[in-house]
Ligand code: MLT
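Here we start with a single chain on its own, the form predicted on its own, put down as structure tokens.
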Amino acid sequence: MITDPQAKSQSGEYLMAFEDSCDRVPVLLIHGFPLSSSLWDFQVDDLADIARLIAPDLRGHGLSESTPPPLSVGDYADDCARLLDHLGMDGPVVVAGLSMGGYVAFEFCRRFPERVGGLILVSTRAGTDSAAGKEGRDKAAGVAIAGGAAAITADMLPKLLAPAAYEAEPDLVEFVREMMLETSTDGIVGALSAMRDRPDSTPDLPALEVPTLILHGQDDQLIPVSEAEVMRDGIPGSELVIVPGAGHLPNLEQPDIFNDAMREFLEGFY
């Protein structure tokens, strides 16, 4: 396995950090907001025997450099495509996205359908923000401008995990907190604008004719399970796995259940 979290790929006009492991089924792992590629550590460690796992840090997150906001999900999707080009990967890959990463995955499918061999959609939704949701993004951007990542983390962290995990797993809470605190203010504000203005992917669901796995925490406080059911019903042949005892980050809260489901899905590509 090759892993180099310090490696950087020239992507547009900034440097993009990423992790890359082995030479098997290629999987692009797109993290959520306001996190980083570290979100996928349990998957990179456990699934490297079956998949080549590429986990970038989106702009202003983790080790990647920032660019001034606003940003769009298209910017992130193009960045991911350029990273794959940098790695010499011009064939189809499995695209996995959690929350905001799912929004980026949908945009990647629209822009580069020939590069998508499968989808893993985690804790995300196909629909766009409501008017109230857009207003909430703008308010959060104001909070970030005033108080940086610390202010966003204080408000958002308790909502990312299932209540039981938040109370009983201090090491996990601290791990997520540290990820969030690494995100730059420009990265946060840019991501909020990208999520606020993302297109509605619901009409695209019937055309997603690639193997698709949907994973969703039973106790997700940010996106209800009903949104995962909408995607399952809309994407032909897709499979939905509800992860018990997990909130918005099921891959961290219940990694064994999550990884077993992901492994079984990836075995179908051999």
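In this text, residue numbers run from 1 along the sequence as written. Nothing here was measured: the structure is a model prediction, and the numbers come from that model.
Just so you know, the form predicted in complex with D-malate exists too; it's not on screen, but the next bit is about it.
Only one of Leu119, Leu161, Met195, Met179 comes within 4.5 Å of D-malate in the predicted bound form through a heavy atom, and that residue is Met195. For the candidate set Val189, Val94, Ala77, Met100, a heavy atom within 4.5 Å of D-malate in the predicted bound form is found for exactly one residue, namely Met100. Just one listed stretch, out of 32-40, 204-212, 234-242, 65-73, contacts D-malate in the predicted bound form at the 4.5 Å heavy atom level, and that stretch is 32-40.
Taking the partner from elsewhere, every residue among Arg137, Met156 and Leu222 has a non-hydrogen atom within 4.5 angstroms of D-malate in the predicted bound form.
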